[in-house]
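Before any questions on binding or motion, here is one chain by itself as structure tokens, the form predicted alone.
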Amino acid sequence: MDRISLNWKNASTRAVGQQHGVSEKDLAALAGPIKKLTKQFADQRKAGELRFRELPYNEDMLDAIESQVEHFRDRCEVLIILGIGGSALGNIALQSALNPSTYNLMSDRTRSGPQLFVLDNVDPEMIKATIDHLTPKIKKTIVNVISKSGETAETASQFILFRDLLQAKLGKKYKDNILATTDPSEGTLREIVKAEGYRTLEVPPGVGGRFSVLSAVGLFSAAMCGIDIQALMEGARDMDKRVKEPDVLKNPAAMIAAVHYVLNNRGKNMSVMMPYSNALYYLADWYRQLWAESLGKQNGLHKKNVFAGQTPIKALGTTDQHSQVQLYREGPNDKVITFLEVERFSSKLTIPDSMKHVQSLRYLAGSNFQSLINSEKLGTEYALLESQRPTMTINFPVISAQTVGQFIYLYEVATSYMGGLLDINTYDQPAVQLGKDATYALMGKSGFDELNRKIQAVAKRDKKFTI
């Protein structure tokens, strides 16, 4: 099996100096806490906690997903995913990483599955354009609504719209075109399922949305679109073996957390993920939610007002060499930068030598785009080191279902380690609810009248502050 690897040398003091790097002394100080956390995680798993860690071993879940794929595949030309946050980002990341960027533009004959549209926003223009596209194919459109509760305003509103559209076009058979991925026993969506008779998959109990990509939440659309979900899980299981290691120097998840923890304590409160591959770009999107929602906490487990967390940022190599690296090199030295590098692309794509007579372009003649993009990555890494900016690299030997499965599991566990070092609750998200409640209030949901009145003061436009 091809294995991804972590190289953290260029975040060490050897590379960027004592002030900006991680030293052997720093890691020695964290050896005990990392060993303790590793045992804690093992004990929690035995007690039935950290259920996201068990997803790669859940054969019953995989059988249920594959059963639904078998049921829907032959009559599905368009697959609509209704979800937001963890119910959407994983779907997008898997699709982008493991299917061609032109997937939706390919013919039905050459595509490995249906066209896929993940509606991760309530932008009316986007939704209307999607409806206009699928209407001629409505009989072969399957809608997968993903929501643990069924009450999230974005997903609920989309579901009502698409349910009614299917019902208007298909009559009583509309329910045959809906799959609900939701809580196995309770919640508004589960009640609707029972009343209307949709086929279902389960949002696994005890698994938060941002940790749910390796469940039915992310795997149904992947399998429908021809991605090998068994290989994804095989990769995750392989990584699970590696991240059980109590020695921080041998555990890539622990090392990712240790580097970020040490440097966060030195004022590097931003974490940049910069893939040198368009296919991996949306893994950085997925990472942003995982890192931000898990680690951004006002209160710790034992202290109040710790205001923990780093701000995750995504960048794309080589594109953002020309938009962000100026800041990264000469702006505040407040970032840890992680490159995602692909060793062997599926296509090298030769650069023609037809311009070799042009002296300034001769160096490109007969080379290839794989060499170019990897040279760009190394050049950027060198330039950042010259400015004492710490970097790490995740190396993908190839982009495959196995290596993507490894990456996802690696960063889920790294997030657990980071939360443990920060002494916070990694798995809750208390600050999210007020924004949801405010939306309920503004949309007229019963019981939110007082909050609505408070919000109106914010909505009021004062001419003194309007230009």
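Don't overthink the numbering: it's just position in the shown sequence, from 1. Computed from a prediction, not measured in an experiment: that's the story for all the values here.
We do not show the form predicted in complex with a small molecule, though everything after this point is about it.
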Which listed residue (439, 429, 58, 400) meets the criterion of a heavy atom within 4.5 Å of the small molecule in the predicted bound form? 429
Picking from 85, 100, 300, 246, the single residue whose non-hydrogen atoms come within 4.5 angstroms of the small molecule in the predicted bound form is 85
Name the stretch, out of 381 to 389, 171 to 179, 223 to 231, 287 to 295, where some heavy atom lies within 4.5 Å of the small molecule in the predicted bound form. 287 to 295
Are any of the heavy atoms in residue 149 no more than 4.5 Å from a heavy atom of the small molecule in the predicted bound form? yes
Quick one: is residue 114 in contact with the small molecule in the predicted bound form, heavy atoms, 4.5 Å cut-off? no
Do residue 335 and the small molecule come within 4.5 Å of each other in the predicted bound form, heavy atoms counted? no
With a 4.5 Å heavy atom cut-off, would you call residue 275 a contact of the small molecule in the predicted bound form? no
